[in-house]
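Only one chain comes next, encoded as structure tokens, the form predicted on its own.
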Amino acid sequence: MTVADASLTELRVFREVAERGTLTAAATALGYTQSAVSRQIASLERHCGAELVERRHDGVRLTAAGQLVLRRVVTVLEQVDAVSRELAGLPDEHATVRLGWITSAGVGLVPQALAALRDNHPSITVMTREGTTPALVRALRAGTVDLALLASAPPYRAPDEETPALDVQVLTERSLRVAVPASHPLARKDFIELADLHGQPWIAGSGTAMGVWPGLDERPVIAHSVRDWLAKLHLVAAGCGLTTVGDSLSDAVPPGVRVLPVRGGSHEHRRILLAKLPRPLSEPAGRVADALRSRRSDNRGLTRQPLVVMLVP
């Protein structure tokens, strides 16, 4: 029994597990039971003669063998899908570019880039999906997106610890700010002192502290846990608490909200990265990347920076 005996179903299940990060999420996406996904992974591991995933309490992590197999699996499945499309008379796969993006990139960067592409390169179809940075990094590794817009915060580590390192380029660097109800006493000034944030109720992300000012020297009071950033801002407008936003979102806040800088403590900045696998892009994907790079010049305070490879120390 060798890896050549593995079925396409096993390969697709493995890619889904690598992207989703858990057997449960992969099963949900595929419409399988978790036990069925587990059996497919076990069968592929028998064919490979190696353990491909390390099962942990918080999900799965690819082993060194799993990373190697994933790179080959992505190539194999791309070729199989390309043949299927050709046989069906559909356009070549390279006419479609798959882009993943974090929420803050959807306010201006992504829509502006897509509008420019529609005008200048109407033959390119861009399929997009929103996600968290960890989920989008896994999607890049699994080959289900070609490009991804990721978030990065100090100390600006590599997006993951896998090899080879992803190619990343800094598109924007913005200051983190605090959104407060317009009726709140803190909204009367043009800035907020760090000390004035003590004891304030916060609206944070579900299961995370995202939305709480990172420079606080106290245990924050989480009044509401919300996944959607627009819902957070509407809760702020309703006087339910404070939340953090990048200043790129300042123009998108609903009425009844002020977005203010914080004075005191360390400067808090957030970056949006354009990331891809360390290999040449197809011509359409390259045009999408160029459109995203050009959009950053439409925003104030952005600097052009060269493409760099972030290496794990």
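So that there is no doubt, residue numbering starts at 1 and follows the sequence shown. Quantities reported herein were computed from a predicted structural model and do not represent experimental measurements.
The next section is about a form of this same protein that is not shown, the form predicted together with the DNA.
You can rule out all but one of 250-258, 264-272, 39-47, 64-72: in the predicted bound form, only 39-47 has residues with a heavy atom within 4.5 Å of the DNA. Residue contact with the DNA in the predicted bound form: residue 282 places no heavy atom within 4.5 Å of it. In the predicted bound form, at least one heavy atom of residue 24 sits within 4.5 Å of the DNA. Shown alone here, residue 31 lies within 4.5 Å of the DNA in the predicted bound form, counting heavy atoms only. The closest heavy atom approach of residue 277 to the DNA in the predicted bound form falls outside 4.5 Å.
Residues from 44-78 that approach the DNA in the predicted bound form with a non-hydrogen atom closer than or equal to 4.5 Å are 55, 56, 57, 58, 59, 60, in the order they occur in the chain.
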